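The form predicted on its own is given below as one chain in structure tokens.
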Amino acid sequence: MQIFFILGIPVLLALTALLVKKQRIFGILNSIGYLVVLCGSILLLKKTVLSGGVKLCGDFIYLDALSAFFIFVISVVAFAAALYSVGYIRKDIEKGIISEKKARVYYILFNLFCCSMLFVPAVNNLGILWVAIEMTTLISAFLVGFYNSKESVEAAWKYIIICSVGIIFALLGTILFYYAFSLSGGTRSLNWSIIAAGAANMDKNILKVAFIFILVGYGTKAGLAPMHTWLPDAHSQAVSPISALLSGVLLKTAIYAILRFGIIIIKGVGFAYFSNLMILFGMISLAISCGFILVQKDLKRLLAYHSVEHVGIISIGLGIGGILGTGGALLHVFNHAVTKALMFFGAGNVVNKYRTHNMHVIRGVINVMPFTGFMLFMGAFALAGMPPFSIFISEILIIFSAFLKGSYLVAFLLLGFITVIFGAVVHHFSKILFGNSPKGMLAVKEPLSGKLAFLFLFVQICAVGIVLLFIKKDLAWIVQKLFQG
């Protein structure tokens, strides 16, 4: 079964990193490993969409189209990050920023982090799901503080403390879900497949309180405002390939957890309760991120606040529901993952060259780093939702769904926030990309592995809209498959 390869390869690579001394060789081996993981995730997604969910190892592993979709998204960004890491880590070694031994530690943590994220959508038990998400926090905290600078260590501690507080709320919510299920006379189980089947008989009042705990708890990890305060520091201080993983897919594992509990809530309480909470937190996230994006000076923090924005858009899409809203939200999960990964790769190259995060100092990137500059130029428009890039497609689906459902206030607010943020993105990136570069700043040769990672993501950013034109008649069927449970 593909899932055992998907989970086993990162563990095998982590062990191999202990033995291989040449980090450039291991980086290539690591990339090949994640290419195999990506191929396995594509086969798994195809199988679950066509054949339905499967249970393995008793009921411990439960795979349906929704879990396979999130595994696929994680695999895409993990492969790109592995490819980008080859040149990025080599440059850090050459500059004396890290040693070969420290690079080995990086690859061990990288693989354990990816394995923990891939494990989240695979488990059936909601308690083990909680453990897996906490495990992603503990492992990735070492990668946030990897450079051992004062700022990175502070960011790592802030990340651990805030997310651990959030995860306590998620644990209380999980316990309340179990309590409501046990009162309904169901079997004593924390397996999602069993609880979801008996959701209609569970106490509605307990479920409502439990979901608030879940939304606050896992919403903290997802970066929903106002629980997002760890995110800008952690994303800006982490190693750039890890920033891409944090922003692109770590946040999505928490969204996956919210979705799993949300399906139980919809079956037990009704869609309106789930919808109102998701739209409320989504709008708060958009409003807060919009303000910070307008006044931001730090390049990587700017991209981090964009994550808060896009998590808010996903939340609103799920809250609106229907084929367009839900389909748009899931498409946005993928679109944001690949676009944000590309942008963090670009930001990593820029910060390494200019030795600063301050956008007031960074100028003329397109002259100094032509390839990275071009990718950032295109990625900025993609991130802001410019047609014909993929994020535009998912955003327009969510906005249309709001209009069609009669949620005009939601639609107009969403349009307004997106428009303001679009202007801010164009303003910020036009300044850093163009103009005169600092004196003595020479053009650099960029590594092939980094260019391949950029191109791998950029093709997907451009191709999603074209692919959607061919499968638009099947969109309703695909969304139904993803949520059939």
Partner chain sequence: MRELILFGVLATTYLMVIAKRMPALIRGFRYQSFFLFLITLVAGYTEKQINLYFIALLILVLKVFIIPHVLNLIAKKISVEENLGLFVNAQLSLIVALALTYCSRVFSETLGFGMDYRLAAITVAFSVIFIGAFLMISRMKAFAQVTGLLVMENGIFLFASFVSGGMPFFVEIAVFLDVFVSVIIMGLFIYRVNKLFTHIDVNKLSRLKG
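Numbering follows the first chain given and starts at 1. It should be emphasised that the depicted structure is a prediction, and the values quoted were computed from it without experimental measurement.
FYI, the form predicted together with its partner chain isn't displayed, but the following is about it.
**Student:** Would 64, 187 and 218 all count as contacting its partner chain in the predicted complex, using a 4.5 Å heavy atom cut-off?
**Tutor:** Not one of the three qualifies.
**Student:** Select, from the options 298 to 306, 279 to 287, 72 to 80, 319 to 327, the stretch whose residues sit within 4.5 angstroms of its partner chain in the predicted complex by heavy atom distance.
**Tutor:** Partner-contacting stretch among the options: 298 to 306.
**Student:** Can you tell me whether residue 179 touches its partner chain? I mean in the predicted complex, with a 4.5 angstroms heavy atom cut-off.
**Tutor:** The answer is yes: residue 179 has a heavy atom within 4.5 Å of its partner chain.
**Student:** Should residue 355 be counted as a contact of its partner chain in the predicted complex, where contact means heavy atoms within 4.5 Å?
**Tutor:** Residue 355: no contact with its partner chain in the predicted complex.
**Student:** Look up in the predicted complex whether residue 127 has a non-hydrogen atom within 4.5 angstroms of its partner chain, and give yes or no.
**Tutor:** Heavy-atom contact with its partner chain at 4.5 Å: present for residue 127.
**Student:** Even though its partner chain is not shown here, does residue 148 get within 4.5 Å of it in the predicted complex, heavy atoms only?
**Tutor:** Taking the distances in the predicted complex, the answer for residue 148 is yes, it comes within 4.5 Å of its partner chain.
**Student:** Could you check which residue among 85, 237, 349, 335 gets a heavy atom within 4.5 Å of its partner chain in the predicted complex?
**Tutor:** Spelling it out, the residue with a heavy atom inside the cut-off is 237.
**Student:** Going by heavy atom distances of 4.5 angstroms or less, which of 392, 273, 292, 381 would be at the interface with its partner chain in the predicted complex?
**Tutor:** Contact with its partner chain in the predicted complex is made by 292 alone.
**Student:** Pull the contact list for 167 to 185: residues with a heavy atom within 4.5 Å of its partner chain in the predicted complex, in sequence order.
**Tutor:** Residues within 4.5 Å: 168, 169, 171, 172, 175, 176, 178, 179, 182.
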